[in-house]
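Form predicted on its own, single chain, as structure tokens, below.
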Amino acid sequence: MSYSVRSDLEGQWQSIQGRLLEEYGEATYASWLKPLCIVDQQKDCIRLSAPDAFARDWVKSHYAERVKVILQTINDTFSQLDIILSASEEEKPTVDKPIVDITEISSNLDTRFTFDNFVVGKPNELAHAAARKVAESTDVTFNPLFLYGGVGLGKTHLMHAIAWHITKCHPKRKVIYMSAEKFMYQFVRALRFKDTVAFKDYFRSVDVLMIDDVQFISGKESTQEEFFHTFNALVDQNRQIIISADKSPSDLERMEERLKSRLGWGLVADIHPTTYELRLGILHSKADQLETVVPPKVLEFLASKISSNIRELEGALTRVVAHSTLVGREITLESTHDVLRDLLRANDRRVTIDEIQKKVAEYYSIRVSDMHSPRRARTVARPRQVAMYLSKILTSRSLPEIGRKFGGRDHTTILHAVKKIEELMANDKRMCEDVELLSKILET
């Protein structure tokens, strides 16, 4: 394969990583999709490599179809996608594979997410103060520290900042930071190899256990059972536990009551939606990081127009600065409008999943409660799939988040619904008209 073709493939892969991050959320993306690398394209087959056999098998089962669909939007020269082991991994005998396969903490952490880069305001001051207290103290003050808030408000930033601070100031302390999803998969892996002893010993020997997005184990009874016992063992040993989630412990759906109780034992600190002042401060900080002078009017405009998600806000400024650098055009309000036309249009009218469910239920003459129910009758299932499709198209919510709004369904169910409605729209004129009409109703 020539260098230019290889370069094109790598560019294509980089271009879809943002979409994968948006769809699946930071925890899932970092655990399973970010480690994937583009290998080559052989005729009509693109090959990606995974770091180990377990990751390869899981990606094939849960994410490969969606990765293929997204790749085909920018490369229509292939029809097959294969996930293989990385070259270095293929050389290792599989019998020597350790039961507990944990990546070093430093490789899981983002260097940008430190306390120095975290902008503090009223919506996040309690969470920030608690995070610093836990990071700087060698004693266990709050156990656990439970941080919760909506998507893109800074939970993961604070989690990374705590981990960076502890590993820098107390390098002898054993710290594990991972997503709840990763915890579950390591547990499943231990069960698969019939050696849960190594798993238990590993997780119960740490000084600090940090679990991101704990809501992921909702409904996973075996994983909740193991997490419950791990939690108790660490608390009994006076080891620090730090948890993040999208809701408070008491509001976590399909979570065992005893586990909810344990999660609420320590300090529960929420991160509220951002204020205009905080968003403006974040933009000033981001401009400093980018070493670019951005007109105050542009920063004020962005702070007022993009209000729901810090990640989206910072991404918007990055796009504006990159465009200015690449085309040599001065940053102005006019150029900002041009560069962010799609994003600004989406933020002008924020459609919620609740609104979508209500309008779709009205349109098809079913109850809103049917959107969350397990009923599979076609008269209910098809409208529910339409609502799932519209939730994916019209909102910025990740697939797991959408699934939780539809009665705690798995993200693979949402993917199936999206694909099904896309197929029907391509072949059924009535379905296409229904979806287009509902989209217009919701966007006006």
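This structure is a prediction, so every number in the text was calculated from the model and none was measured. Note that residue numbering follows the sequence shown and begins at 1.
Form predicted in complex with a small molecule: not shown, discussed below.
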Would you say all of 66, 181 and 398 touch the small molecule in the predicted complex, counting a heavy atom within 4.5 Å as a touch? no
May I ask you to choose, among 119, 299, 255, 340, the residue with a heavy atom within 4.5 Å of the small molecule in the predicted complex? 119
Heavy atom within 4.5 Å of the small molecule in the predicted complex - residue from 314, 226, 270, 370: 314
Assert contact_stretch over 261 to 269, 306 to 314, 227 to 235, 194 to 202 against the small molecule in the predicted complex, heavy atom within 4.5 Å, equals 306 to 314
Check whether residue 164 has any heavy atom within 4.5 Å of a heavy atom of the small molecule in the predicted complex, and answer yes or no. no
Whether residue 150 contacts the small molecule in the predicted complex should be assessed with a 4.5 Å heavy atom distance threshold; does it? yes
Is residue 144 a contact residue for the small molecule in the predicted complex, using a 4.5 Å heavy atom cut-off? no
Looking at the partner-bound form in the predicted complex, is residue 113 within 4.5 Å of the small molecule by any heavy atom? yes
